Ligand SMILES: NC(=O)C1=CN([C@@H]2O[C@H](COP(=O)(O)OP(=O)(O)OC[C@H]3O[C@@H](n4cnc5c(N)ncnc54)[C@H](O)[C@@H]3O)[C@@H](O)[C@H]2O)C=CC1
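So this first bit is one chain, no partners, the form predicted on its own, shown in C-alpha cells.
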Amino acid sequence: MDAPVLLTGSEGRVGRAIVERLADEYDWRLLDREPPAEDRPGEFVVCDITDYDDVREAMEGIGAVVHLAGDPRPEAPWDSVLRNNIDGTHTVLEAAVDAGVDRFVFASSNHAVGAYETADRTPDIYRPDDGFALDGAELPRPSNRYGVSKAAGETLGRFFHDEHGLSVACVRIGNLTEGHPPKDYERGQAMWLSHRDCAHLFDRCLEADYGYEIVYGISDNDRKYYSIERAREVLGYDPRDNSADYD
C-alpha cells in the first residue's frame, strides 16, 4: 500500500505490537488521545476519536485505517463503551468514508463471542480433542458490555461496507501477549496470539483483497476453539507460533 495508514489507539498493546514489527512497511500516521512517551515512526496526531472534525482532518490523504482506539476494559461501564467504542467507531468510519478511504480494519474482540463459553462446554472447549469451534459466521454472543460494543462495531462495519463500498475486516483478537501464556491457563493457551502473528495478521488485512470479513486473531495453537481457516483463505494469514511449543 502506497498511501499512508492511519492507526488509531496506537499506544495500546495491539497498536504497539503492530507498529513495532511493521514500522518500515507502511507510512504510518498514528493517532491517540495522549502524546507518546517516546519516539514513534511516522506522523503522530493527538485526537479524541469522538471529535469528527479532528478525525476527519487526520484522515486526509489516508489510504487505509486500522481502528484500535476505544475503552479496552472488559468491565468498562456503559457510558464509556457507548462514547468511546460505539460512537467513536461510528465517527472514525464516517470520517473514513468522507475522506475517500477504501479499507478499514477493525479490532474486534473475543469478548464479542465470549458467552459461547458456557458452563457445559468449559473447560473441554479449550482442549485439542474438543470439536467445538467458532468460525466467524456465528452470531455475536457478548460476555460483557465491552463485547457488546465490539459486536456493534462489527455491525457498523457491515453497514458502511454495504452502504458505501468500504472494504472492512473485523479481527476478533484473542489473548495477545508478548510471552506465551502459562501451561495451566487453558483458555489463554487456546486463544493465544503472539505479537509476531498479530503484526502479520494486520499486515494481511492491509494487503489482501476482500469485501467484508470477520476473522479470528489467534496463533496456530494446538488448542483452539476459534477457527483461523477464514483468515488463511481470504487474507493469506500464515501464523508461525503455537502455544503448545512453549513450556
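Start at 1 with the first residue shown and count on from there. Please read all numbers here as calculations on a predicted model, not as lab measurements.
Another form, the form predicted in complex with the ligand, is not on view; read the next lines as being about it.
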Heavy atoms within 4.5 Å of the ligand in the model of the complex: does D197 have any? no
Using the partner position in the model of the complex, report whether L93 sits within 4.5 Å of the ligand, counting heavy atoms only. no
Contact of D39 with the ligand in the model of the complex (heavy atom, 4.5 Å): no
Can you tell me whether P72 touches the ligand? I mean in the model of the complex, with a 4.5 angstroms heavy atom cut-off. yes
At 4.5 Å by heavy atoms, is each residue in A23, V97 and S167 next to the ligand in the model of the complex? no
Within 4.5 Å of the ligand in the model of the complex, heavy atoms considered, which of A58, I214, L68, L201? L68
Based on heavy atom distances of at most 4.5 Å to the ligand in the model of the complex, which listed stretch, 97-105, 131-139, 152-160, 168-176, is the contact stretch? 168-176
Sequence order please: the residues of 4-20 with a heavy atom within 4.5 Å of the ligand in the model of the complex. G9, E11, G12, R13, V14, G15
